[in-house]
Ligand code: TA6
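A single chain, nothing else alongside it, follows as structure tokens in the form predicted alone.
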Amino acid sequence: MSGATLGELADVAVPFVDVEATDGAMARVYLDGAQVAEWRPAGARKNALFVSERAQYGAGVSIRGGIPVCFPQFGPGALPQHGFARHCRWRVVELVLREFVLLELARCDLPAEWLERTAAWPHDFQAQLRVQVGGPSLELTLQVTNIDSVPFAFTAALHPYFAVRDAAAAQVHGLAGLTYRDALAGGAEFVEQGESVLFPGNVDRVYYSAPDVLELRDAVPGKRERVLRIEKRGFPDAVVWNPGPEGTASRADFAPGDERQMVCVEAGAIREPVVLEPGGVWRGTQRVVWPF
């Protein structure tokens, strides 16, 4: 039966919303960070998103996995890594139940210990995240409204961790010939020479002016290839990331070997910050479709 439930984990008080469409597609969204941590397309038995068994939950904590929201800063900068939206407590604004489920959340409050850390971005704004699930697809739309009296600029991304059977055999298609910034080469820029992006180890790249449709091919020898279609609107760039074994070893909320189970392909507005005039509204959408 379609519907929604508001629950709490037994060991820590972490509210989340479970939503289920009439066809059985479901998503679990944590109000801390407005973070989707589970997505099961209709007919699927497993979570299509990766979440580490060592992930932490709670106020001011970003879950390691799922789909964190990066705003108003992608990556490092004046604010802490990836900004503060993923550390906010969000609230439910609207829940629509049809053949699909549409959940809308709005940014509410930051934990007190984060308030001083946001002084580098002192702007009044509204942020909403729309989560739509049904059939084989999951769609997220981030909307930002400038309610300040002056313009402001920001970068942003939706940061999905997709579950794969073996990252070493995964491929991302659609980025050939594009310029990318390589964080592992000190931010130097290169042109993608391969027909596909592979994951032999740590990969951390921002592809500029990326096409609005990419494919993540999850292929392992002897098993049927699964192709995840990744669509975006409003986000000009795309990020491809895997921490590699050194990256998981250096982060306490990863377990050893987690790098083999996940690949991140993100929609982002990164190279050129979005400049929003007073009263202006910006939207960025990422939609993913995975035939199981």
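Since the model is a prediction, treat every value here as computed from it, not as a measurement. Quick note: we count residues from 1 along the sequence shown, nothing fancier.
In what follows, reference is made to the form predicted together with the ligand, a form of this protein that is not presented.
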(request) Decide whether F199 counts as a contact residue for the ligand in the predicted bound form under a heavy atom distance cut-off of 4.5 Å. (result) no
(message) Does any part of R40 reach within 4.5 Å of the ligand in the predicted bound form? Heavy atoms only, please.
(response) no
(request) Give a yes or no for R107: in the predicted bound form, does one of its heavy atoms lie within 4.5 Å of a heavy atom belonging to the ligand? (result) no
(message) Residue-level contact is defined here as any heavy atom of the residue lying within 4.5 Å of the ligand in the predicted bound form; does R64 satisfy this criterion?
(response) yes
(message) Residues H123, D148 and W282 are flagged as a possible site; in the predicted bound form, is every one of them within 4.5 Å of the ligand by some non-hydrogen atom?
(response) no
(request) Just give me the single entry in F50, F235, Y30, W241 that has a non-hydrogen atom within 4.5 angstroms of the ligand in the predicted bound form. (result) W241
(message) Which residue, Y161, Y180, F84, F152, is the contact with the ligand in the predicted bound form, using a 4.5 Å heavy atom cutoff?
(response) Y161
(request) Considering the ligand in the predicted bound form, find the one stretch among 134-142, 218-226, 76-84, 185-193 with heavy atoms no farther than 4.5 Å from it. (result) 76-84
